[in-house]
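Only one chain is given next, in structure tokens, and it is the form predicted on its own.
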């Protein structure tokens, strides 16, 4: 099933086209929306929530048309925006409960849920403090709390780790993974940080200059191909490169005991050739696997 379907969506600000002819289906699960700053990620989220009118095309979110039923979408969706969204003078519990009421919750239920989600986000002891006194990390947690207080079916997170130190970033990503994989909430995580996507998401949508560049599972997008292999020897061996080359392989790169080798596409027994080459020079193979590119390599390939 899909949480959103877009067909030819185009969004423009005057003469500036921010999202261009965007067509994709966003599946259930934790989906990464990946692209450099200025790629159109935030504009796409605003369009999905009905905050901006499309210049062309359209789509649905949770079965609701983004042009004609934006309120129904927003009642069932949580948003953690990139910019600060707190209201000065409000405590965290007041602010979070207010967000719940804006989503249609009765006041008592919203207040009860506010206490629960702030505890979950690690702000239980600070919930009665005004949010403007919070650190950056605490403000990010408060933004997450207000986004989930009403129990949304779909959660949009726009650069959720902005401004966080390494420990705070790991904590935020752990909560996102728990929400999406442990609590069954569909999540769209917008980020320009490749490690954030790799740690949390099942599938990635790559944007560049307002256009869709790629959409694949994180596992699939990292696969290079069957002819490339990564291997590691137990100890350095000066003769291994020559030995594997004699077996019709090409050494792409070698660092100490680690090798990436390429066999011809129609080569029948690459695994056997690796072990035969190692035996000839007295080397021991510790690791042998199909090569995988990093998400960074896949991203650069998609946008170029």
Partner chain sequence: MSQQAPIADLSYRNYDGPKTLKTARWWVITLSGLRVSFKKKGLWIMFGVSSLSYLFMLFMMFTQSFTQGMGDDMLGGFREQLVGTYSNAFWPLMIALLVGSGSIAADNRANALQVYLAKPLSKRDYLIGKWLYIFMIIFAVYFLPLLVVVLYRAFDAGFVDFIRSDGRVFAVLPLLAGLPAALHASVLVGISAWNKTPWIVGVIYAGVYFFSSIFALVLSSAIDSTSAVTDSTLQHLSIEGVISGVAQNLLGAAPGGIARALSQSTVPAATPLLLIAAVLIIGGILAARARIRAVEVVQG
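Numbering follows the first chain given and starts at 1. All values derive from a computational prediction rather than experimental measurement.
Just so it is clear, the following notes concern the form predicted together with its partner chain, a form of the same protein that is not shown.
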Is there any non-hydrogen atom of residue 150 lying within 4.5 Å of its partner chain in the predicted complex? yes
Residue 127 near its partner chain in the predicted complex, any heavy atom under 4.5 Å? no
Quick one: is residue 174 in contact with its partner chain in the predicted complex, heavy atoms, 4.5 Å cut-off? no
Taking 4.5 angstroms as the cut-off for heavy atoms, does residue 46 touch its partner chain in the predicted complex? yes
To verify the annotation, which of these, 74, 211, 139, 115, has a non-hydrogen atom within 4.5 Å of its partner chain in the predicted complex? 74
Quick check on this chain: which one of 201, 179, 205, 221 has a heavy atom within 4.5 Å of its partner chain in the predicted complex? 179
Since the partner isn't included here, can you check whether its partner chain sits close to all of 2, 22 and 188 in the predicted complex (heavy atom within 4.5 Å for each)? no
